[in-house]
Structure formats: C-alpha cells, structure tokens
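One chain comes next, on its own, written out as structure tokens in the form predicted alone.
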C-alpha cells in the first residue's frame, strides 16, 4: 500500500432497515403497503390512466385500485411496467454479485482508490462483511446467475484490501440488479450513467397520469423521490412546499441500528441495580429476541418467515438459520395458530431461501458448516421425514414463497 485516505464523513447503511424505515414512515402517513403484489395492467379512460390492476402472487387473487396518478418507480422492472401501457422506458438491468463473510472485518467501508472495477469495496453490515461487486448486463432483471468465477474474484480482490478475507468463512453469495437508464449510448456496465431521469409520459408519450422515475442509486433516492413527487403534485394542483429534505425517515423513537443496541437491551444473567434479566433469543447470531419478532408476526403484510428475516435479521448470521428456523417456525404455531405440518413446511421454505445463497460457496469451512446444519435439520429436527409424512396432505401446507414471474422467451435467450 502506497497511499490511503480516511473520510470521516463516509458511511454505510443497511438496505433492509432502510426499506423498512421507508415503508413504516409511509404507513404512519396513511400509505398502504401491499407485499407480494404485482402490477398486471392498467385502466384507462381515453388517454388518461385511471387505475392499476394487481395480482397477489401467492394467492392469485386480483384486485384494482382507482387513482388520479401513477408513479412508475419499479427500478429494473420500469420498462416492463411501462410496456403494459404501450410506452417505452429504456432501462438496462446490470447484475452485481456480492459475497458475505461470516465476520465483521472492518467498521467502515473500505474502497480501492482506482477507477471503479470488480471487487473494489468491503462494506460492514452489522455482524458480517460484504465484498463487492461485479457489473454485467443481464437480459432480464430476474435472470441473475451467480458464477463461481465471480465469487472467486470477489474474494481475491477483497484480500488485496483487507486482512482476514481469505481466512474468514464465505457464508453466502447473492446478486442484485442495478436499473441503469439507457440514453442510447453503447456503454457497458459501469460506463453507463448512474444518473436518474424523471419521465413525464403526458409530455413524451401522450399518456396522462403516468410518470416514471428511472436510474439513480441509493445515495440519491430521496432526491429522486422529491423530484418525481414534485412533478406529480403540480399536475394534481398541490401547492404545498416539499418537506422531503427536512423530515428524517426514522422520525420516531425506535432505533434502526438494531445490533448496536441489542447487547445493552439483553441485560445480564443475574440482575443488579434494576438491570433487565437475561432474555431468551430466537436467533443467537443476530441477537433477535422474541419481542423483536412479535410485532411482525402480528403484521398482515408479513406472510412468510423470509419476511420476518428481512425485518429482524433472524437467520442472516453465521449459521444461516440452522437453529433459529426451528424457533421461528414454532412462533407460527403460537402466534398465528398454524398447525405443526404448516409450520414445518414454512420452515423448509425458509431454509430453501437460505440455501439459494449458501450453495455458491460450498468449500472449506462453509461446507463443514452446511453439514452441521443439515445434521441438525434432518436428524434433530426430523425435517425431511416430517415433510415426507405430510406430503400426502397438501391441504395442510402453508403457501410457499412466490415463484419468480415467467421470464419471456426472448430474455431466456
């Protein structure tokens, strides 16, 4: 190393808590959050959009919402949604692969000081560290294959920046998709602009009531929201001043940085001086208590154990839900009244979502960890035999996680 820079104002965020903070802030202001719901069409009166047709991808139920305006803020899916109205939004989905390590190797983001490239950043994420990332165009936002060469490259490049990368356990890999707005240039991946654009479809396409916001990145998302809502508000005759820049997202008392505060909240084994007694845990890796999960089991928008994970981080630690999956399934019985067969199916579905990321890093200590987890689930929890016993009783099954929407043939190749 020849030169290093420290930026004290630099920071990092947890995307799960960021999404949660946004949805909860919107709920407190009267919004309705509909999970597992996709747009399948629009209602029109002449050249004006008057409603949205929706389908619940878990139950198949369809419904409609009447409206005066629609904001297409669907990221990499913006072009697919706009196509339902016969207009074009040129968004290029660009895949980025990341590798999660089992230890928090640093307490600040570490970035290589060179032109952006693959594997040039290490980001702490509560109890783990994340190595990233690649950049490659994909034919469809839901076609995100993770290749072994991409995982290997992330680890090798990360090791050049930080000690401990090669000795820490790579416990999973995952891929996300960047929605880059195509302005018509022949740029590839990182050469494409990360700027954003607000598209007024009334002006551009003659479709009244539809506005799209495309491109951008998380560091500019509130500015993006302000710009597009300002435009729609003017169309609707709203003249109130915008307060986006002044109102914090987390404008209530609960802290979103859960891990930092959990040790103090857990108490001590033998209470002294009014300290809280030691509480049981649902997830030791992420220190999730029953009280942390209880509100989400009561939330109708939370429909699977994967939803509970996104809101509490249960199952995201080094063991990847090897033990807490059983405890979370038990809460489906006590909190939601499911029977044992339904809870077992929900547990199996939850473990399947963990497997999707773990299977890309099957070597060394992670392979041994997976063998331990399999032994717990199959021998101690009797999961495979219980599923076989219940296999002839489909009416007892909890609905499985929604499958991916069919990928168009042209996207498959």
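Numbering follows the first chain given and starts at 1. These figures come from a predicted structure and were not determined experimentally.
There is also a form predicted in complex with a small molecule; it is not shown, and the following applies to it.
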{"item": "Location of the small molecule contact in the model of the complex, chosen stretch of 145-153, 71-79, 160-168, 204-212 [non-hydrogen atom, 4.5 Å]", "value": "71-79"}
{"item": "Residue 331, heavy atom within 4.5 angstroms of the small molecule in the model of the complex", "value": "no"}
{"item": "Residue 177, heavy atom within 4.5 angstroms of the small molecule in the model of the complex", "value": "yes"}
{"item": "4.5 Å heavy atom contact, residue 349 and the small molecule in the model of the complex", "value": "no"}
{"item": "Any non-hydrogen atom of residue 37 within 4.5 angstroms of the small molecule in the model of the complex", "value": "yes"}
{"item": "Listed residue that, although the small molecule is not shown, lies within 4.5 Å of it in the model of the complex (heavy atoms), from 107, 83, 291, 217", "value": "217"}
{"item": "Option touching the small molecule, based on a heavy atom within 4.5 Å in the model of the complex, out of 304, 133, 320, 102", "value": "133"}
